[in-house]
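Quick heads-up: it's one chain on its own, the form predicted alone, in C-alpha cells.
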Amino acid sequence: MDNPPASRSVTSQENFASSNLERLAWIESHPEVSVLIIGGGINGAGLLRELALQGVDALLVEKSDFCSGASAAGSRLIHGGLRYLENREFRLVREALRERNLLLSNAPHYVRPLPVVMPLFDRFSGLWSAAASFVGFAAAQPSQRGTFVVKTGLMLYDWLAGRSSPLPRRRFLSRRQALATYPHLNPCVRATARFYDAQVSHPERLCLELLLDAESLSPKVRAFNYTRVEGLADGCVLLRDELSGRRLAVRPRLVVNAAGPWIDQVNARLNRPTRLIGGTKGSHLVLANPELAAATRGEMFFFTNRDGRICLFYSLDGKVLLGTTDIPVEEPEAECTPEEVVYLLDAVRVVFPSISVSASEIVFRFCGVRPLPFTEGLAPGRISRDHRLPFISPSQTSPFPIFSMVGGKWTTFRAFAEQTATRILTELGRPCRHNSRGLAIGGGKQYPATPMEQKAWLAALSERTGVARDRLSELFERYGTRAAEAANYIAGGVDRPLDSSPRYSLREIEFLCLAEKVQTLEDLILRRTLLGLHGEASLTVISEVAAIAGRVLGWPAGRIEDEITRTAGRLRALHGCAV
C-alpha cells in the first residue's frame, strides 16, 4: 500500500466550521455523499479517518457532542482483555494486544503504560468456572479467580502479546512480599500478580483528534456535532441541526450506523428496525481520597469483587477512579444509582479494608451503556466484547445499504474501523490504498519520546513563540505536540490565567473554542478539558469559562446564562457535582 497522504496545512477557520451557519451551508452544498456515518463516538471517528485516508467522501453526524456517550463512560483503559480468555476469545485478545501496542506508539501523549496489580485470595478458586466457560458452558457469572487460574491466564496473555510487546512481562509476589510492598493490602491475600496494560488519560480528546485528523487528511470529509438523524424522505436522510432547529437532507450511497447503544433506534428511524444491541450499564466514581491514591503507588488494582464481577481502581491525577458495574439495561442512557455507589465503595474494602472511603469523597460520577450485542441467557460478564458488522440490504423505502458497527471496545477501534472501511470500499467498488497502522494521532505526531528530546522541543517552541517553558510544559502534557498550535495562538495576544482555575488560561480556552468544534459550555467543561472529571467545575469556574466562550463564539447574553444553568444542572444531576 502507498504511504498515507500528508495532512493539509490549514487555518482553524478553513478546517472547522466557525459558525453554525457555515456548518449548515456545508451540508446544503454537499447534498449527495458516498458514506454517511451516524454517531461521533470512537467507532465513528475511527471510521471517518479510515475513509479520509482512502479519499472517500464522507459525512459524520452526531446528535450531541463527539465522544459524549458510551465512548466517554469507560474505565479509561487500553487493554488486551485478560478476562476474555475465559470466554475463549483468543482472536479478540490477540487483536486487542496488538492494537494496544500500536496506540502506545501512535498516541503517546494520551496512551501510556499502566502497571496492573491483581490481589489473589485463594489458590484454586475459579478453576471450575474458568474450565466450564472454556469448554462452552458460559451461562454463569464468573467467580473469584485464584492463583492457578490467573497464572495460566497471564502466561497465555503474554504469549498472545508476542515478543515484540513494549511492555514488561508478568510478575508474582508472595504474601509476605505483597504485604511489605502494599502495607494497606488485605492481610487475607495469598499472592499478587503484576502485569502491564495501558491507560488513556483523555479519551474524549483522542476521539476528537481522530476527527480533526480526518478533516485535515481530506477536504471531502466533515464531522458535525449536534446534528440529529430524524428519518427518511424520498431516498434522503433527514437531519436536524439541534442548535438552530433547521432541517436538511442528504442522499448517501451507503450508511454506517455507529450510534453505539442507540443503534436500534437509529435503524428504526431509517425504516429498518433491528434488535442488535443488548447493553449493560457501567458506573464509575472519582474520589478525592489522598490515602487511597497514595496506596495505589501509581498502579491499578484489578480484582474480583465478592459477586464475581471485576472491579478496579487507580490514581488519576491525584484523585482515584473507581469502577465498574455491569447491569443489563433496555434504554441507551443510564445514571449511576445510590446502590451502585454503595457497591463500588464496598469493593475498595476487598483490597484495602483499613482505608476509609465514603460517598462524601466523590467529586464526580459517570455512567454509560456498553453497546454489546443482543444476547439471551448469558450473564453480563460472559457477553462477548468483540465487534461485528451486520449488513442491511437496500429496500424500496431505504434505497441504501446500512452497516451497523455493533460492539467493539476502545482498544480495538482502529482495527474495527479498518475492517469496516474495507467492506465499504468493496461495496463502493474502490481499492484500498493506505494503511493506518503506523499513523500517529493528533498530538502524538512527531512526538519527542525521551526527556531530552522533550526538553529540546519545548526550548525551541519557547524561543519561537515567546511562551514560558513552564507554561509550554503544561500545554505539552495536555495536548502533546498540538501544544505548538495552542502556543502559537496564545502568543498572538494578551493572556492570563483563569481567576477560578489558574491551570488554564484565557487564550487557551479561546483556542479550544475556535479550533475544536465547541458548540456548548458542556463541551468545554466535560470533554475538551478535565475540569469536570477532576471535580473542579464549580459555579465560579463554569461561569468564567462561559463568559470566554460566549465572547469568542458570539453567544448573546441570554445564551450565556442558559449555558451556565444547563451545565450546572447536568453536573449536579448526572455527575453528582456540588455546583
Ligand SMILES: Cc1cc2nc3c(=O)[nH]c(=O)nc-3n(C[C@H](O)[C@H](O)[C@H](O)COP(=O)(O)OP(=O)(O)OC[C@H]3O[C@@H](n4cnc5c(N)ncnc54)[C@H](O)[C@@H]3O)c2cc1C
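Numbering starts at 1 and runs along the sequence shown. All values derive from a computational prediction rather than experimental measurement.
Heads up, the form predicted together with the ligand isn't pictured, but that's what we're talking about next.
Not displayed here, the ligand is kept clear of T420 by more than 4.5 Å at the level of heavy atoms in the predicted complex. Under a 4.5 angstroms non-hydrogen atom cutoff, the ligand in the predicted complex lacks V255 among its neighbouring residues. Among residues of the shown chain, T227 is one whose heavy atoms approach the ligand to within 4.5 Å in the predicted complex. In the predicted complex, at least one heavy atom of G74 sits within 4.5 Å of a heavy atom of the ligand.
Out of the listed residues W410, F476, F303, Y110, W410 is the one that sits within 4.5 Å of the ligand in the predicted complex by at least one heavy atom. Stretch 57-65 is the contacting one of 522-530, 28-36, 57-65, 541-549, since its residues have non-hydrogen atoms within 4.5 Å of the ligand in the predicted complex. Along 413-435, a non-hydrogen atom within 4.5 Å of the ligand in the predicted complex is carried by no residue at all.
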